[in-house]
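Shown below, as structure tokens, is a lone chain in the form predicted on its own; questions about how it binds or moves come after it.
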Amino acid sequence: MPTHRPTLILAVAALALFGLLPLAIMAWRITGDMSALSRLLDARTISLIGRTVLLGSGVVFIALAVGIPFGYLVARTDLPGRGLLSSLSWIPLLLPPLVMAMSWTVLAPMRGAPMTIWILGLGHFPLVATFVAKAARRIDRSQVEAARLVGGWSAQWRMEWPLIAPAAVLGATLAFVFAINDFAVPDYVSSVGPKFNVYADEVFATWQVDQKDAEAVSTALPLIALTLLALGVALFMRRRGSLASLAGGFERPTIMRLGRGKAPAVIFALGLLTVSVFMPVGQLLKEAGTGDTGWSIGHTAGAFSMALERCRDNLRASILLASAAATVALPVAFAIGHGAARMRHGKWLLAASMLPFAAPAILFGIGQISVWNHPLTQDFYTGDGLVIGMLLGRYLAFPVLVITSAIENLSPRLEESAAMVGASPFTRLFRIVAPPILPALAGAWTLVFVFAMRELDAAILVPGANKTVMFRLYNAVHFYRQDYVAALALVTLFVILIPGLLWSLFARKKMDVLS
């Protein structure tokens, strides 16, 4: 079923301008200075590759080790409060990694690689848990009951695991990509302990010292290769197992009773949320309320008041920029997602939308500077427009992924029937396709808003983003750590949570965040 071509052309143009053009410019720059490639053979480069792979592998290990059992427990068992636990498990992903680092570097004596892996592993296990939970809910009841009749619980798990494994790998690959491209956490952990250089940190340092595009690109090439490999695995796994469309006559599997295993399951789930949510948030509350005479509610209120007074403009700027980026990204992702789901070669649209995310955020920011930092575009370069475009290009992959999956699960016969009675492609897109996937559209908007609010790496370089709250936090924790900084981090977390809270309060359907 063809999509509305003018809409798709405009959407692809937005992707090309703000997502692909900065990458193309950076790739072109390196052809003019091939000597920069010699750095790829340095002993330092090999060492950086090793540390970056160590970081990503460690994060994947933690995410899989806790994400698989947690996702299965909240999706398929009678775990008490599983709905609330599932919702709370998203907080580590919503917490900006820098904020998580602020807490854990005080809570634990670890530093260097172990602390960096621990922070990013806890922060990204929800990706694995969410995909596993979705896959576990999409296994047909008849399959589960047949396997259980043949060989009991062990036979049931042997049947289910091949259907769940692709989802777990998909979540793990995304966690790997986030981890190896993160600059803020290794940088902050290194500032309070032994230096732990990884590739994202090296790309920023190379640009900061040399201000040479070719050097920055050549430094980042191994990191880009690792990221592309991981995203290739993610796209492959997305098409397998229970991530495909549900068959007709599908019935959800019955809830399993944990019996004697209920107590250990509750301890595991609460323990995981304690270390990933309650302890870091509690540490920030403690810092916000601690003064010369100890902790007090009055001091806490004063810290929050100071945070809002000093950083009101930063919060306002972040909210407006993140909201604008999410609002602009939604129709772009809707058009591309429909094309990816319905066109014969639509998978290439999905792959193209993921390319900007494959580049390190620091390098992506450098690319934006190369494209827009010219006399004719100086006003755009220093204003909000570039920040919105940069966030659109950087995070478009996620709403496209969510919307594509939602449309793939929607029968094309609805559109075919509308076409038979004369409905135009534009009408079919917004009157037939959009209403059934409203939860996915809301989830797509929320994902861009969340990631835009969390964005720091590229914001360090682009002038218009220097007024955001994450940039203010980054400067504050590096130069002076005061009680109001912890309060500001908590206010930022609350703002990030607002879209999900509003949807939960007023919407009848559950938001579809990751499909």
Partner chain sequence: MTFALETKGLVLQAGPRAISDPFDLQIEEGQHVLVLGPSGCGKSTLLRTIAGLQAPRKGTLELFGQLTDDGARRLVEPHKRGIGFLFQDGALWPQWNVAKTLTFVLKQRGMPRGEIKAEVTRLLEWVELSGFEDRSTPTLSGGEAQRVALARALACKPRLLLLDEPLGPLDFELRQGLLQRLHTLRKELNLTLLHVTHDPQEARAFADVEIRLNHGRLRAPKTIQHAQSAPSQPK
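Residue numbers count along the first chain shown, from 1. Predicted model, so just to flag it, every value in this text is computed and none were measured.
If you look for the form predicted in complex with the partner chain, you will not find it shown, but the lines that follow are about it.
| task | Sort through 252 to 260, 162 to 170, 303 to 311, 413 to 421 and report the only stretch with a non-hydrogen atom within 4.5 Å of the partner chain in the model of the complex. | result | Of the options given, it is 413 to 421.
| task | Using heavy atoms only and a 4.5 Å cut-off, determine which of 436, 112, 282, 383 is in contact with the partner chain in the model of the complex. | result | Result of the distance check: 436.
| Pick from 148, 431, 141, 347: which has a non-hydrogen atom within 4.5 Å of the partner chain in the model of the complex? | Spelling it out, the residue with a heavy atom inside the cut-off is 431.
| query | Should residue 427 be counted as a contact of the partner chain in the model of the complex, where contact means heavy atoms within 4.5 Å? | reply | Residue 427: yes, in contact with the partner chain in the model of the complex.
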